[in-house]
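Take a look at this single chain, the form predicted alone, given in structure tokens.
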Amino acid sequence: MTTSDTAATPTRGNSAALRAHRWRRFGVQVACLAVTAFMAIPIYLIAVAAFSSRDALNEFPRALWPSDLSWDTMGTFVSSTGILPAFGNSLIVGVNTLVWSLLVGAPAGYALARYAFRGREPYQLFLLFTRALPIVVLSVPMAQLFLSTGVYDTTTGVTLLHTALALPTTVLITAAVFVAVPRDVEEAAQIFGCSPFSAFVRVVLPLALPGVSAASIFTFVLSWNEVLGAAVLTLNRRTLPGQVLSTLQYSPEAYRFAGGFALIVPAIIFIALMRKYLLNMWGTTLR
């Protein structure tokens, strides 16, 4: 083998590796575009329908691009009886569920991540079993319990149900996040004078914040979109999904599109606000 052949072999190998890398990146980008389109197209169609006039909404076939934008449908929906109070109830329940899930779930996740105790693995499996129960199985007995305790038809009762639904995933997500935070960093903070609580707040929590924000997004979106439990546990203080569901069968098609758009937007805004923490968790910088 000549010297030129020896030099050419690794060059061909590098070219093949570079082509393979480019094909992988192309495949990842195509997959990302496909997932984005799968999620964005229904949202776009709902938004177009929500801001179209009644005449444009009744056209067949419907245009993909908005031809006659109008605020009439959304305005009618927003001014309908019970929509704004239901929107406020959803915000109250979502924020309270988020706070209580983190207050209870994050310490439990930290304990799972930092301490080895008997029954830890079965405990994690038990957490998943609670999610296997259908909501209707939980909501009907809870409705009877809430009636007897006086929290039926209140945002507190819906918050308790949503917190119970969100806690398993909050515990497991935060446990996975705290495991990734090096124990040496926390111990070094304690050596330099921090108490265990101070080391957690000043060292561990900032490092775990991206993962905690991911758990927050999941919790808020779960609470915002949950409808069956909220419909069973409330009559006059319904959340927005419960209010839309209760009037769905009597509503025109335009009202349904407007309701769907109103349910989507707050969750998207909340995810957008928490986006930078998620990107930090995935090692991506904001551009």
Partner chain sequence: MAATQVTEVAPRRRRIPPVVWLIAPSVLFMAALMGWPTISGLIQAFKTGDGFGFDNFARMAADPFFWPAVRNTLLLIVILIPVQFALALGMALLLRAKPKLSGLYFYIWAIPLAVSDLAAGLVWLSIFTDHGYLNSFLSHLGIDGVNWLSYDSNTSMFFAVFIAELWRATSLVLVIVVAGMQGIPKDYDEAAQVFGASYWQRLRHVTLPLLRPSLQVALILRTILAFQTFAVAQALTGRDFPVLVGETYNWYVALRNPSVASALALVILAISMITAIVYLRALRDPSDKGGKR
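Because the structure is predicted, anything quoted here is derived from the model rather than measured. Numbering follows the first chain given and starts at 1. Between two forms, the rigid core is the largest collection of C-alphas that superpose within 1.5 Å.
There is also a form predicted together with its partner chain; it is not shown, and the following applies to it.
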Open item on the list: Although the partner isn't part of this model, could you tell me whether T163 comes within 4.5 Å of its partner chain in the predicted bound form, counting any heavy atom of the residue?
Closed with: yes
Task: V104, heavy atom within 4.5 angstroms of its partner chain in the predicted bound form - done: yes
Open item on the list: in the predicted bound form, does G211 come within 4.5 Å of its partner chain, counting heavy atoms only?
Closed with: no
Open item on the list: Is R131 near its partner chain? Define near as a heavy atom within 4.5 Å, in the predicted bound form.
Closed with: yes
Task: Position in contact with its partner chain when the complex is considered in the predicted bound form, options L91, M74, A176, I135, heavy atoms within 4.5 Å - done: I135
Open item on the list: For the stretch 32 to 48, I need every residue with any heavy atom inside 4.5 Å of its partner chain in the predicted bound form, listed N to C.
Closed with: C32, L33, V35, T36, F38, M39, A40, P42, I43, L45, I46, V48
Open item on the list: For M39, does the CA position differ by 2 Å or more between the shown form and the other one when the superposition is done on the rigid core?
Closed with: yes
Open item on the list: Taking the rigid core as the reference frame, tell me whether N236 has a CA displacement of 2 angstroms or more between the shown form and the other one.
Closed with: no
Task: Core-superposed comparison between the shown form and the other one, V221 Cα displacement 2 Å or beyond - done: no
